[in-house]
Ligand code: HEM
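Read the single chain below, which is given as structure tokens and is the form predicted alone.
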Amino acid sequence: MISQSPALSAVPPGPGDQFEIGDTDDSLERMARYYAEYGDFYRVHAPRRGTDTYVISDPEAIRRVLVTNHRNYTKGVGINRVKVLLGNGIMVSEGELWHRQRRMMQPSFHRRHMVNFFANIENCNRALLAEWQARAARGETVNLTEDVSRMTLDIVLRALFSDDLEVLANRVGGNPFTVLADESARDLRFAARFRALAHPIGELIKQRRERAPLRRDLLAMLMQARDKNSGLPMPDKSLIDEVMTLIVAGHETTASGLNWLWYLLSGHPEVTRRLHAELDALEGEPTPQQILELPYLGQVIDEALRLYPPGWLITRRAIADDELGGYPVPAGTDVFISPYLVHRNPRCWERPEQFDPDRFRDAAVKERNRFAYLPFVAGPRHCIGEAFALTEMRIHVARAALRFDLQLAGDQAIEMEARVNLRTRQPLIMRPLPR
């Protein structure tokens, strides 16, 4: 129990109005407005739940919620809606189930395994860039938003299923997962369509067990994983839920990040010139390993994820009383962290609205508070697919930038849409100019 000392007698300031964060199209806009007025700690009243929501942007308070006192914070608002879509995978599960699944899955996403996916990532990029080359030759534009969405979906599906993706497609008369790229809504109707895919995935798992085919894809690694205590594999339901989670999380966030990155590069020619110079300095066609070692390329990606983090909202709920920034946090309080706001905190970032990849030079990173940058969350529940996503992004950006200078076509008004992920409200139409 927290003592009621004078230092803890107050509550965070706030606007006094009622606001269900995440339920309205202007949620992020309003949060940013409140942040500008009230700072790193403020509260809004959530009328549907009848409680206050604390919004925190202070790195040390974030460290406490996500790391040092993480056991006191469970998944928060919105998790039930995600569960309808993804089942009880590691994105939504809690307690011993989450610990067991995380331990079993973690080795499959170690950096040393990324080499297994190089060929798949390269092939998907090769197909996309061939389309862009043909369109460029005809003087046509490309719908970059749709194209990178299709590509990242194909990459994660082939990473999971390899050539069994064709088996699934033949069984149901086409790739059943294109619904993810074709439909932007994430409502109950979409959830029902997507959850129906659990059945063919389960059939594929059963078939693999019966035939015991040799595979090196993610599904094979997850099927071979064993609990360190019991020695047992994942139950089929858990395995299916994790596969469904990886498909959605591994596709949409990466596509959103790439979409924003190309938007930023198109408006910053000096950054583009430096990126091209770094790539052009390599002799011949660079290998994936060479690409992963390019410092400025990594800085460009990190800076794009700072300005437009796909996961723009992290929700937690206090299990027991706590204290954050000198304010009491009663049990049951919802605590929200917006990486979008944290990444633009002027106490942590100089000129926070400016696109400046140099802020991710090694020396600058070492001087900065680790919890001022959260594109993949932090702590025990940090994104398990971070290494995979960054590998995928680096290879795509390098391969595309070696061949094209992508420019926005016409006078497009680009707006943010902060729903499940932070996206552009309208698709980016770009002109691929051959280099």
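Numbering starts at 1 and follows the sequence shown. Everything numeric here is computed off the predicted structure, so don't read it as measured data.
Only in words, not in the display: the form predicted together with the ligand, which the text now covers.
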Listed residue that, although the ligand is not shown, lies within 4.5 Å of it in the predicted complex (heavy atoms), from 46, 393, 401, 55: 393
Only one of 148, 156, 180, 304 comes within 4.5 Å of the ligand in the predicted complex by heavy atoms, so just point that one out. 156
For the chain seen here without its partner, which of 226 to 234, 86 to 94, 279 to 287, 261 to 269 has a heavy atom within 4.5 Å of the ligand in the predicted complex? 86 to 94
Taking any heavy atom pair closer than or equal to 4.5 Å as contact, tell me whether residue 408 reaches the ligand in the predicted complex. no
Considering non-hydrogen atoms and a 4.5 Å limit, does the ligand approach residue 377 in the predicted complex? yes
Is residue 64 close to the ligand in the predicted complex, meaning a heavy atom pair under 4.5 Å apart or at it? no
Should residue 59 be classed as touching the ligand in the predicted complex when contacts are defined as heavy atoms within 4.5 Å? no
May I ask whether 245, 384 and 389 each come within 4.5 Å of the ligand in the predicted complex, counting any non-hydrogen atom? yes
Heavy atom contacts to the ligand in the predicted complex at 4.5 Å, residues of 223 to 261 in sequence order: 245, 246, 249, 250, 253, 254
